[in-house]
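Just one chain is shown here, as structure tokens, and it is the form predicted alone.
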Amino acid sequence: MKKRRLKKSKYQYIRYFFLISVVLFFIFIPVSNWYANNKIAHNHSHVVSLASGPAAGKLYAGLDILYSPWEDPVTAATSNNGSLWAFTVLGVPMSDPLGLISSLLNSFSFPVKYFLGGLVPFLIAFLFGRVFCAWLCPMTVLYAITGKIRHYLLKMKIPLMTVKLEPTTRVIVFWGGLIVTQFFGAWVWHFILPYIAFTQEIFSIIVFSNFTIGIYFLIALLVLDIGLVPDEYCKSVCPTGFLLSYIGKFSLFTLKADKKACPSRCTMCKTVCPLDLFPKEGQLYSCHLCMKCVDNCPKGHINLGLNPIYQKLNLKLNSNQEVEHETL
């Protein structure tokens, strides 16, 4: 039987545009820091060329033009800084939700600036649930590459294992991580959350010309994804995925399938779901809105809409208002 080719709609192209943009942004941050250092040390593209080569000189000249509208190019270049653990965009702080929780648990003072930056991912989660995982996490790009590598290795008849992990593993990793950070500090998350390690390694190689120990953690995860536990980290291990999934239960918007209009035997939405969910049956507790089920639903019965929780709440409020009106 011929395998059905999965569809790719504008959603997937837009999604990968966002994902690649995130990767490019975290490349741009250390490049800007490199520019700031050379601006202070040399302040001329020719001197940079003599010190680091013609390519470096051209890069410096390009960034010099980019930051020329600012009165202080060095300050402008360093206004974007950090990794996904904690970074600034034009001086506005952002932070990882687990970093915020760990900081609040470990700190005797209330970190107002850190707290406000950490609210951003929570706000996004309350609007769209676990959308970070499919649309913003740079590891999604790497896992897409390892998925292709695994596919071609299997086509070459190279035997690879497939081990499934229990989704509850991420609950253990989440609470275990929080407990461990109480004794060793929040830096422990850098060896649990690969997207943090990835962005930090980018920074390290560009600014300091070498990798850190985090590169071994990343390589190990990618090798495991190819040969042993494909797609399992995001689905069953990532503690950020667990936290955002829990918040996603109460998100304002979610996917909804018209089960009554769906063909009785159709399971396409489950087949294409990377998280093994079944949208047709309302199994969306960990959905990250990758939209693959929307793209591949043969009848177009899956759409983004208001969370049924709030629809029921709205109906209840309207019903109460009608009763009060009739009483009056």
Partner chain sequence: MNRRRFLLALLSAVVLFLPIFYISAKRNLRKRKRFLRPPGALKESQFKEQCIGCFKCATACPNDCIEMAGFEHGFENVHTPTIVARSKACTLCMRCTEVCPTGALTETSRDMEVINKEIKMGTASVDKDLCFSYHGRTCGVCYRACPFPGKALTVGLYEQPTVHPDFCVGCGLCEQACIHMPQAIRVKPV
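Treat the numbers as computed from the prediction; the structure is a model and nothing was measured. Positions refer to the first chain, counted from 1.
Although it is not shown, the form predicted in complex with its partner chain is what the next lines describe.
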Residue (of 245, 254, 140, 83) lying close to its partner chain in the predicted bound form, criterion heavy atoms within 4.5 Å: 83
Position in contact with its partner chain when the complex is considered in the predicted bound form, options 219, 179, 119, 153, heavy atoms within 4.5 Å: 179
Contact test in the predicted bound form: residue 37 vs its partner chain, heavy atoms, 4.5 Å: yes
Classify residue 294 as contacting or not contacting its partner chain in the predicted bound form by the rule of any non-hydrogen atom within 4.5 angstroms, answering yes or no. no
Look up in the predicted bound form whether residue 273 has a non-hydrogen atom within 4.5 angstroms of its partner chain, and give yes or no. no
Taking the shortest heavy atom distance, is residue 208 within 4.5 Å of its partner chain in the predicted bound form? yes
Per contact check vs its partner chain in the predicted bound form (non-hydrogen atom within 4.5 angstroms), the hit among 51-59, 259-267, 26-34, 277-285 is 26-34
Which residues within 186-205 place at least one heavy atom within 4.5 Å of its partner chain in the predicted bound form? 186, 187, 190, 191, 200, 203, 204
